[in-house]
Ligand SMILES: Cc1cc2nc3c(=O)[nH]c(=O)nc-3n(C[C@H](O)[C@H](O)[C@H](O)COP(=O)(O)O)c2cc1C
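In structure tokens, one chain follows: the form predicted alone.
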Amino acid sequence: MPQLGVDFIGAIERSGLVGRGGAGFPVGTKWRAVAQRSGGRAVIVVNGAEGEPRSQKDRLLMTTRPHLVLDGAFIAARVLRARRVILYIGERHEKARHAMLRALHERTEPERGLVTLAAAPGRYVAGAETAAIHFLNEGIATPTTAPPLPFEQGVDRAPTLVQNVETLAHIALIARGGRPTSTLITLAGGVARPGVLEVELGTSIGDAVRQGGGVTEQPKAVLVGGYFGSWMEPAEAWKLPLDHRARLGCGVIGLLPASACPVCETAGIMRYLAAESSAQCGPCFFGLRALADACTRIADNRSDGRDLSRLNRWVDEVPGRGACRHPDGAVMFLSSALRVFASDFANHGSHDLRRAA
């Protein structure tokens, strides 16, 4: 086992581990930034918020392997000389929270003494690292972009490491001499056995779907990365290797059956993302609402004929202007829908298919 001091960060860097919470940022770089500023004051936030509606991997990991997550958290506390560990678990994830607390009670008193528990609000944006810090400091789970960054001043103005639970589980395995050779994904939609699957890095989406029992119906498209991800044509998606280069995001792979309406599915997700706005700025509060309304008018056959051109124009105007990354993620999703489902949006007709919620 590597020496669990600052030298251990080198082992993380050599492993190539990237965060499994969505951003895919190099973990060793993140740890080194906190280590350089800790001074024995660092805070570790164990991020189990998992606000993505279709993702199940984090709560399953906390429920079935809670000690592995705790091992990673306490290793982080030792290496970064942290004075506090916060279990930030989604308020709706009751089984995961109970499993983590049971496991915590089985740990040593010095370890237990470091830990406090916080219930992450059941909102899409609550899992963003700046939203977690904002909530822990101010009780408001909205993301922020203004400096200082978390590794500089986070919880209680101390250098803070916010790390997804799957990432921390990999940290525990690296400390045992292993390497991060697998990743967790959630298969959703038109697949025989939807749910969480552990796959080797580099496994293609097509092989992962076969491991999940195959498709229940020929898919019209594949959503890679959940609601902040991108739609892809099945032929392209099947060949895509599942690793950090694939923009896996939260690890959701969603199959849209050919019988489903992609316009209604897109409109439903856009309504959800607009409702999850932090309402901090115009591009998010007004921009996403306008995009969702235009999608819905097309889906409901109430469009004046100009909504599609509006959508194509607006998706170029919204990115980069928000107070956080929420509008950027929503627009990336919508842009992929307008590309992959171009003919469906242009020729949408009436039907009785149930729309997404």
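The first residue of the sequence shown is number 1, and the count goes up from there. Fair warning: this is a prediction, and the values are worked out from it, not measured in the lab.
We do not show the form predicted together with the ligand, though everything after this point is about it.
S.K.: Is the gap between residue 338 and the ligand in the predicted bound form 4.5 Å or less for some heavy atom pair?
M.R.: Flag for residue 338 set to no.
S.K.: Does residue 127 make contact with the ligand in the predicted bound form, using a 4.5 Å heavy atom cut-off?
M.R.: Yes, contact at 4.5 Å.
S.K.: Given that the ligand is not shown alongside this chain, does residue 163 nevertheless sit within 4.5 Å of it in the predicted bound form, heavy atom to heavy atom?
M.R.: Answer yes; at least one heavy atom of residue 163 falls within 4.5 Å of the ligand in the predicted bound form.
S.K.: Within 4.5 Å, heavy atoms only: does residue 227 come near the ligand in the predicted bound form?
M.R.: Residue 227: no, not in contact with the ligand in the predicted bound form.
S.K.: Among 99-107, 78-86, 163-171, 194-202, mark the stretch whose residues have heavy atoms within 4.5 Å of the ligand in the predicted bound form.
M.R.: That would be stretch 163-171.
S.K.: If we check the ligand in the predicted bound form, which of the residues in 31-53 reach within 4.5 angstroms of it by a non-hydrogen atom?
M.R.: Read in sequence order, the residues that approach the ligand (within 4.5 Å, in the predicted bound form) are 47, 49, 50, 51.
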